[in-house]
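First, one chain by itself in structure tokens, the form predicted alone.
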């Protein structure tokens, strides 16, 4: 059967089987989001490998399964201290199966001027304001999975930092996925807004309590106003049986700064999409990440940076460590419109293959319509340098330890971009244990 038809059936069945789980909201704007997305889905071609953005993605294993929303918001017998970054206090929101868990969350000491909340906990007035903003954002309008997320919209987090406000402590968002029997569908949709001259640090962590099989399908929209500054760390360390699909849509105004570091380690099937749009001058965007692939694992990174205004800078630096018989995909594009003069954009993707039959599909792209720019892109795929390995072995270092040291050194070029030592040490430990 045609893969597009299979996809159409899968989306339709998923929506129909989950519709009773969605309560009609008291906020009209929320209902409008759901209705608009359901209508949009009717007119979209379902993701399939004939589409360029899904060319390297095998969706068959996903389409063979049926996932269902689960209203379980509690977790039994868990030590929350295992999640907290050592030596660092934070504001913390915990989402269980995509829905807010107040018992494990902590917002003690938060100023009344700052909003850090689950969407479901907002007042009707704030829900209306947030939903109205979400309605105006259409970065992933042609993405069927994003429209499915909106169609079944029920919860997520909402962060609003007023102008001239700096949040010193990190904001930690923990997505914990847990399932005893059902194949759970987790569907959070979130919004971050930093007003003029605001600063914040957000750490999103995607975790599993067991080897549960589930589908995480999340969307985060970020709006940075004039001179706002956001550090954004995303750590995906999910079950070996998990399906993970997440999107970040970023809009930047004049002078705003966005620094993002992604770590993609887990899941049997994982894809992350980031779209950046410059809507003001003198803005800066720094996207970096490390992804790994083990046996029978698929890991996919898609980056789309749109320079629509002059005098903006962007850097995309991603490193892949392929240590098993799996497959990785990196698809990065920088688009410079004709009005985006004085653009400085750099795109780099490097991959380290540790086994002979691993696979990496990498496609860096530059699309330039301006004539006064400084842009570059490049990619490399290679193995461990035998001379480096000989150097370490000659000094009595065991082979497995030498491999680990060389891989960590390869990833360190990205990890050093994390300015917060507790977070950097935590990520370094995750990578070291994995390798």
Partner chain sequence: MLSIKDLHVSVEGKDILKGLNLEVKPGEVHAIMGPNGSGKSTMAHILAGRDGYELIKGSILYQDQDLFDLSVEERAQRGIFLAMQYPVELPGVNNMTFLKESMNSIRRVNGQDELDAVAFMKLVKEKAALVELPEKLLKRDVNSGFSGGEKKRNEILQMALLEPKLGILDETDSGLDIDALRVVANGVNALRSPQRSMIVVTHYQRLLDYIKPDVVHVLANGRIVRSGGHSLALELEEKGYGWILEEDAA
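Numbering follows the first chain given and starts at 1. A quick note: this is a predicted structure, and the numbers were derived from the prediction, not measured.
One more form of this protein exists, namely the form predicted in complex with its partner chain; it is left out here, but the text below deals with it.
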TODO: Mark residue 43 yes when one of its heavy atoms lies within 4.5 Å of a heavy atom of its partner chain in the predicted complex, and no otherwise.
DONE: no
TODO: Give a yes/no on whether residue 382 approaches its partner chain to within 4.5 Å in the predicted complex, heavy atoms considered.
DONE: no
Open item on the list: Can you tell me if residue 397 lies within 4.5 angstroms of its partner chain in the predicted complex, counting non-hydrogen atoms only?
Closed with: yes
Task: 4.5 Å heavy atom contact, residue 369 to its partner chain in the predicted complex - done: no
TODO: Please name which of the stretches 369-377, 33-41, 56-64, 382-390 has residues with heavy atoms lying within 4.5 Å of its partner chain in the predicted complex.
DONE: 382-390
